[in-house]
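A lone chain, given as structure tokens: the form predicted on its own.
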């Protein structure tokens, strides 16, 4: 049974509008994949579809993980299999501390129904916070309430550390981060990366990939993967832009339908 995430001919629409149009992608365990593309190309649609967001309609295709087509599973069952999504815009939960949220998340993923004992959870959480060079007092704060952009993303990385997924999807983790916060978050991802984990990093810009080095880079346009290469592809894309990609793969530039009137 493969622990890779295997996406085959995925077609997804929102309210009847096609977004993903036959996307094929495999994220292997033990490798970092970068997915780059302009706004509107379908990157976040892919992330939310993989986790089972109800607003996205799967019209065709399969997503295989841990021997199952996860498109047939509820979001919590996908998480229990080892799939994890770090959101571009993490939600705020007033009154729920980071520690309690993490313990609830861990208990929800237990396949045997047993709850992790508080002392065991506390030790695990503090070990992970030490690994990520985080102040233990962070665990007592309400989740994302009053957090800076960098703190919100660090909370996501801490969640990833505690849950220890097989495949982690990071949806524009660099969004809203200054350079110092970007380095801290990237260092956390690099610290957690191991041969038993595969990571899909979704981003607009190459700057994040200066700190999280991908093994494979994919370029997405109009709901499909149109180009795949090594880490050097991200650098070339940063230098040349997405029009260069369109020229390389024979895609016309997008047409802007604007009605013009004579003066």
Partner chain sequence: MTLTTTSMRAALTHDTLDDLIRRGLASADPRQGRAAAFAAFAAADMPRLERTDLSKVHLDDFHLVVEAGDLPADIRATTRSEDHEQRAGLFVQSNGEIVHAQLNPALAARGVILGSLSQATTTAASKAAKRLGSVVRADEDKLTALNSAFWTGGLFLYVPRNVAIEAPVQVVFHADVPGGAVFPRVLVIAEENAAVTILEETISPVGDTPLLAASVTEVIVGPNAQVKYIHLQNWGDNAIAFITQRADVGRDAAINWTHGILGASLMRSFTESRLGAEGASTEMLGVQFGSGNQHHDIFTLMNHVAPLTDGDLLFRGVLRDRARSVFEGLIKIHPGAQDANSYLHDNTLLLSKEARADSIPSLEIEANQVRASHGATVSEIDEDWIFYLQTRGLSRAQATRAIVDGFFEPIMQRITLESVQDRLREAFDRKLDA
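Residue numbers count along the first chain shown, from 1. If you're wondering where the values come from, they're calculated on a predicted model, not measured in any experiment.
As for the form predicted together with the partner chain, it is not shown, yet the points below apply to it.
In the model of the complex, no residue of the candidate spot (6, 16 and 43) has a heavy atom lying within 4.5 Å of the partner chain.
Taking a 4.5 Å heavy atom cutoff to the partner chain in the model of the complex, the contact residue among 223, 52, 198, 37 is 52.
This chain appears without its partner; in the model of the complex, the one residue of 181, 139, 192, 163 with a heavy atom within 4.5 Å of the partner chain is 163.
Shown alone here, residue 72 lies farther than 4.5 Å from the partner chain in the model of the complex, counting heavy atoms only. For residue 90, a non-hydrogen atom is located within 4.5 Å of the partner chain in the model of the complex, even though that partner is not displayed. Although the partner is absent here, residue 156 sits close enough that one of its heavy atoms falls within 4.5 Å of the partner chain in the model of the complex.
In the model of the complex, residue 119 stays away from the partner chain, with no heavy atom inside 4.5 Å.
Just one listed stretch, out of 43-51, 224-232, 24-32, 208-216, contacts the partner chain in the model of the complex at the 4.5 Å heavy atom level, and that stretch is 43-51. Contact annotation for 96-113: residues with any non-hydrogen atom within 4.5 angstroms of the partner chain in the model of the complex are 96, 101, 104, 105, 108, 109, listed in sequence order.
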